[in-house]
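Heads up, the chain below is alone and in the form predicted on its own; it's given as structure tokens.
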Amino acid sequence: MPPLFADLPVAQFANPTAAAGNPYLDRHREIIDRRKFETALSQIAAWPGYVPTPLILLEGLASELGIRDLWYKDESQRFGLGSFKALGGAYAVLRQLVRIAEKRLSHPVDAAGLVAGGDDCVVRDVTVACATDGNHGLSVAWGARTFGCRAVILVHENVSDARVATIQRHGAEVRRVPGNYDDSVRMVDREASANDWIVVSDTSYPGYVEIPKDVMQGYTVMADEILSQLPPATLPTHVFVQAGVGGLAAAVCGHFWEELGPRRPRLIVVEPDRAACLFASARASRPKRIRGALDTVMAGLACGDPSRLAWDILHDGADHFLTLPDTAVAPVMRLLFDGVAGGPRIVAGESAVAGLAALIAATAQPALSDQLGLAPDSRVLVLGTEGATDPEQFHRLTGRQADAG
């Protein structure tokens, strides 16, 4: 393991409101719900190219870290878009287009008809829009092209040209705006009001909650794949999940909580120390915006304002909140690419490795390990949320070529 992890500055906050025996309440089901998951799965599973992404057992690394099992959910090939976000933004686009088509046609519309292009003329004039650090915007753009409408994507000044080009290749109009991610979220809300666009955001805020529920419900498809892929009668004891606004963390937390009840694993939310809005919210016990440049190499996690929906679940269900510095990122990306401890080569982007980095740091720091309840019999799940979605950045950080055989 990289020697820096023994001294890596990791902040930890144990959530006093979370406990394994806490019931999953109706107000949680308003956000993440089993019946809505079943709808999402039935529709997403019908999309061209849907296959569950791999759940990889890293036996050698688990042994080196002194735990029993370590699973890595590899989202690097999801629908060819390279990120778990392909499940959320595109699904929310489809849900909106079905609702519009049904209203215009005055009869029920099968979502498969939009996927196949049979009803695309009905929604061709619709424009969906979002702000993005990269992956969510790509999902919305792909969804718009797949289901037959137009997309406008706003990117802030720190989004790389490579990510912009990828979004444009999927047919979207991309507009660059000043400021950071949170500034672009506010900008797209104003632009949508002026232009009659539909905002498909992965974050929620006062007055805007319904569409982000669809985004998060799409993410539960990944969470349920994991439950199906684990060995029989085996569950993780811990889940380390990175977070920006918190939508993925809350979707995983909510789905596992509803499905597993008191058997659910301990959930650890991990953020960059330069963009830790959920950590700040946990300490304040209320949603808390953090300000500043949010300048972190973990571009997909550079968010200063938590999603209110995500917070409603994480406040009650997340067991720990951690922050870690950017210095942890490149070493873990290289470890995975080089096939650490005899494991397979894994291409992981800079926003994909925060959870694994936090686990490595915890096993190297006894006090932190004790706080998180890690032990030799622990079974740990980490979520590899993206591949090399910016190949140039991947090379700069790792010195490796993402497409190397």
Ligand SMILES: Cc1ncc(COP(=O)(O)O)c(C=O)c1O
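The structure presented is a predicted model; accordingly, all values stated were derived computationally and were not measured. The first residue of the shown sequence is 1; numbering continues from there.
This protein has a second form, the form predicted together with the named molecule, left out of what is shown; the following refers to that one.
Taking the partner from the other structure, the named molecule in the model of the complex has no heavy atom within 4.5 Å of any heavy atom of H255. The named molecule is not shown here, but in the model of the complex it comes within 4.5 Å of a heavy atom of G246. Taking the partner from the other structure, the named molecule in the model of the complex has no heavy atom within 4.5 Å of any heavy atom of T363.
The named molecule in the model of the complex is not approached by W311, whose heavy atoms all lie more than 4.5 angstroms from it. Residues with any non-hydrogen atom within 4.5 angstroms of the named molecule in the model of the complex fall in just one of 318-326, 150-158, 193-201, 294-302: 294-302. Checking Y219, W142, F79, W71 against the named molecule in the model of the complex, a heavy atom within 4.5 Å turns up for just one residue: Y219.
Interface residues of 7-23, taken as those with a heavy atom within 4.5 Å of the named molecule in the model of the complex (partner not displayed), are absent.
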